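The data below hold one chain only, encoded as structure tokens and taken in the form predicted alone.
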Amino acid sequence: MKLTIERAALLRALGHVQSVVERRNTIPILSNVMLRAEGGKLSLSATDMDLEIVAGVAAQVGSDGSTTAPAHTLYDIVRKLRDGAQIELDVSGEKGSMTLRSGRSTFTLACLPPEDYPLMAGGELPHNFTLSAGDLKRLIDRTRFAISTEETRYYLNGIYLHAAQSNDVAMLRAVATDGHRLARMEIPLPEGAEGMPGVIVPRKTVMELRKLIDETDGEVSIALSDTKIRFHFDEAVLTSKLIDGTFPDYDRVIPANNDKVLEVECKLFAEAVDRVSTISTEKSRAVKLTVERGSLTLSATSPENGTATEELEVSYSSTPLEIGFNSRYLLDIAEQIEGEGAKFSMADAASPTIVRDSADSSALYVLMPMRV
């Protein structure tokens, strides 16, 4: 294998794939990226056996061939080369090595045989549809903060993607929850997604997918089965196993009769929560909301730090209410709200609260209160 490629192009393609590679690997070949050159194109792929990313990039190929090279080392070398540099990759020398030349720099990397490289089995992916990059971005951004990191409840370690009905309209819905808060985002169901199974896309896949979306503004083709999902971008393909588990019936935790409605200006509210929570203890991060007609008082107390209060003018006309929340969770939700106003629908101090963007009904958040 012999080829010449521009630094920026190789760096971008390596950036897509190398982050899949785990820093600590018990199987040496999984630390490597597979490089395959043929027909004026270099294809790079990396996998951790659950997730695989393949990226293609144009190159001047002198002779076709393939090898596998240490992913993080190769990425660091290319990153440190000069802007605009031309890079030559050559595997025609001694067996088990690849030479990288650029300007006056020469690196020789130890390689492993490409035939030992594991490929993720393809299998049938019967459900196919396309989403705009913008829609996929919104589905992820509005929900990923609520993905659980608790390994014992592995079925919550991802985003639940499924077809659902909302006021008799078919929707594609993304849901994530960690048991303390829940995020739900929906868009009209794309053509071809009817009859798709509900699938749980793992957290690592979600994070890698999100990085790839920033590189495109076109359509993303999605294909899935009960066990796998594939996302096809302009220059990259991400294939991932799905979480084998049952996502809980989240509709049960979304309250239907919360009649106390509080409307606040989101930016002012978030800034006030942030200020007041400076006092709260690191462990509980509790902030108390005291709501009365037309006003909201935020307060926090801790034995070691003292107390803090701040008052805001709000729209509220129900009976007075005191309710406590984790300030970090409040801020996470406030960050998702793009409009000026946030709408809190509450029942009492012990029941879950619904939060929505006043101007956009496609996203819904549920937050469990705390005792304060």
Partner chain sequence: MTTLCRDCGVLTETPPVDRRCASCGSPRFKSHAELEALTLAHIDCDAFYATVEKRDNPALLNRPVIVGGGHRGVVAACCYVARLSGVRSAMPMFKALKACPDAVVIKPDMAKYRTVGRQVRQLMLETTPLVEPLSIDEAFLDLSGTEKLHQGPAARTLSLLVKRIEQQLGITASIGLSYNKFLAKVASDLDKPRGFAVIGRGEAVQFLSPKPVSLIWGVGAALQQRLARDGISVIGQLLDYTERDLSARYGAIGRRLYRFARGEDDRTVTPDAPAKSISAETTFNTDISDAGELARILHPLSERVAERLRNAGRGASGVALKLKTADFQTINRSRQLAKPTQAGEILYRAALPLLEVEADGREFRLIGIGAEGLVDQSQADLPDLFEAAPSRDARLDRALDAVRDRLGAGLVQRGPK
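Positions refer to the first chain, counted from 1. Bear in mind that the values here come from a model prediction, so they are computed numbers and not experimental data.
Below, we refer to the form predicted together with the partner chain, which is not included among the displayed structures.
K.L.:
Looking in the model of the complex, any heavy atom of Lys80 within 4.5 Å of the partner chain?
P.N.:
Contact with the partner chain, no.
K.L.:
Should Tyr250 be counted as a contact of the partner chain in the model of the complex, where contact means heavy atoms within 4.5 Å?
P.N.:
Yes, contact at 4.5 Å.
K.L.:
At 4.5 Å between heavy atoms, is Asn257 in contact with the partner chain in the model of the complex?
P.N.:
No.
K.L.:
May I ask you to check whether Asp178 falls inside a 4.5 Å heavy atom distance of the partner chain in the model of the complex?
P.N.:
Yes, Asp178 lies within 4.5 Å of the partner chain in the model of the complex.
K.L.:
At 4.5 angstroms, heavy atoms only, are Arg153, Ser284 and Pro352 all close to the partner chain in the model of the complex?
P.N.:
Per the other structure, all of Arg153, Ser284 and Pro352 touch the partner chain.
K.L.:
The chain here is shown without the partner chain. Which stretch in 144-152, 119-127, 287-295, 233-241 comes within 4.5 angstroms of it in the model of the complex, by heavy atom distance?
P.N.:
Selected range: 144-152.
K.L.:
Just to be sure I understand the contacts: of Leu182, Ala193, Val199, Val206, which is the one whose heavy atoms reach within 4.5 angstroms of the partner chain in the model of the complex?
P.N.:
Of the listed residues, the single hit is Leu182.
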